[in-house]
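One chain is shown next in structure tokens, namely the form predicted alone.
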């Protein structure tokens, strides 16, 4: 018997000894165990955050009081600045999600459907290159490009046009977040388009449907799970983003993550920071749950037919 076969037989015997046949029914749970452990750690962390949020800061000792109270949540409700920042965060997340999906879908479609090898290679390189550059580095890169003395304003002044304030406002934050989220959305939409047989589009066109009608009634409904999954990922990542609003916003258009950071590390109030964290987690979870309830569980399937 060849050495390779004996080696494989040895591995098979070892697996059979460690995982007897009577345990085969639990194989699926064994594969799920690492993910369940990670989720368990997350739930434990959220439990600690919830517990901290129910303790008020003692300004005399700068430690949390032992008594339970809803003071931190009352602070969130009574200070309009937190409501303003939360509204800005939700609005920015919706805008970033919509713009990102509008840009990502054509890119993913061309990437999947193109028959020109060099075009596909160029699109793949362009897609994966941003992953080799950290978010903070990219944000500071945009400071150089969009700054008062940056590349864009240098071109404008060279053309005789006045320089523009392109940084430290809400549109700049949206622009930076869209650029950051775009590769994630493309990677989630590509499998959905790949799963659509090209023959479906040809059949639709052979029956007399123009390409826009084929796109609307065939491609878009079949790619809907990928769009939902990409939208949920982009929305949740944007809601919790810290670097882009902090750097490109210049402290004037902070998102809610900045308020949480300031509570923990600027005013040293972990109770208030934990309460703000729980507000953000709860609101994000409710929005995602509403999306799944209305559109189906995203990448897992579609509720009902869309024609």
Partner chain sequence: MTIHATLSTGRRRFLQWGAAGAGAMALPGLARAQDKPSEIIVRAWGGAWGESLKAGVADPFTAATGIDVRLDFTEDNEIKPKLWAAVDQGRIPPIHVNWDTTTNATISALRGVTVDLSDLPNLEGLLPLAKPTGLDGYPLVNTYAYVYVCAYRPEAFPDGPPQSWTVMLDPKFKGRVALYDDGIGFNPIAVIAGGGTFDDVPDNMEPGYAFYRKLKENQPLLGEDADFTTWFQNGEIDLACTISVNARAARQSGIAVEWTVPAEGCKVDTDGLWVPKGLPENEEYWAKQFVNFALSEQAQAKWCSLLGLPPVYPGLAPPEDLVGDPSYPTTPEDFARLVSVPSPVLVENQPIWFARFSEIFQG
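Positions refer to the first chain, counted from 1. Just so we're clear, the structure is a prediction, and the values are computed from it rather than from any experiment.
Just so you know, the form predicted together with its partner chain exists too; it's not on screen, but the next bit is about it.
One residue of 168, 76, 175, 184 in contact with its partner chain, assessed in the model of the complex (non-hydrogen atom, 4.5 angstroms):
Contact with its partner chain in the model of the complex is made by 168 alone.
Would you mind picking the one in 163, 122, 133, 81 that has a heavy atom within 4.5 Å of its partner chain in the model of the complex?
Of 163, 122, 133, 81, the residue with a heavy atom within 4.5 Å of its partner chain in the model of the complex is 81.
Have a look at 66-74, 277-285, 248-256, 28-36 and name the one stretch with heavy atoms inside 4.5 Å of its partner chain in the model of the complex.
So the stretch in question is 248-256.
Candidate spot 107, 113 and 289, all three touching its partner chain in the model of the complex (heavy atom, 4.5 Å)
So, no: the whole triplet misses its partner chain.
Just to confirm, residue 60 within 4.5 Å of its partner chain in the model of the complex by heavy atoms?
Residue 60: yes, in contact with its partner chain in the model of the complex.
Would residue 85 sit within 4.5 Å of its partner chain in the model of the complex, counting heavy atoms only?
Residue 85 belongs to the contact set for its partner chain.
I'd like to know whether residue 128 contacts its partner chain in the model of the complex, with contact meaning heavy atoms within 4.5 angstroms.
Residue-level check for residue 128: no, no contact with its partner chain.
Even though its partner chain is not shown here, does residue 229 get within 4.5 Å of it in the model of the complex, heavy atoms only?
Heavy-atom contact with its partner chain at 4.5 Å: absent for residue 229.
Can you name the residues of 144-181 that have a non-hydrogen atom within 4.5 angstroms of its partner chain in the model of the complex?
Going through 144-181 in order - heavy atoms within 4.5 Å of its partner chain in the model of the complex - the hits are 147, 148, 149, 167, 168.
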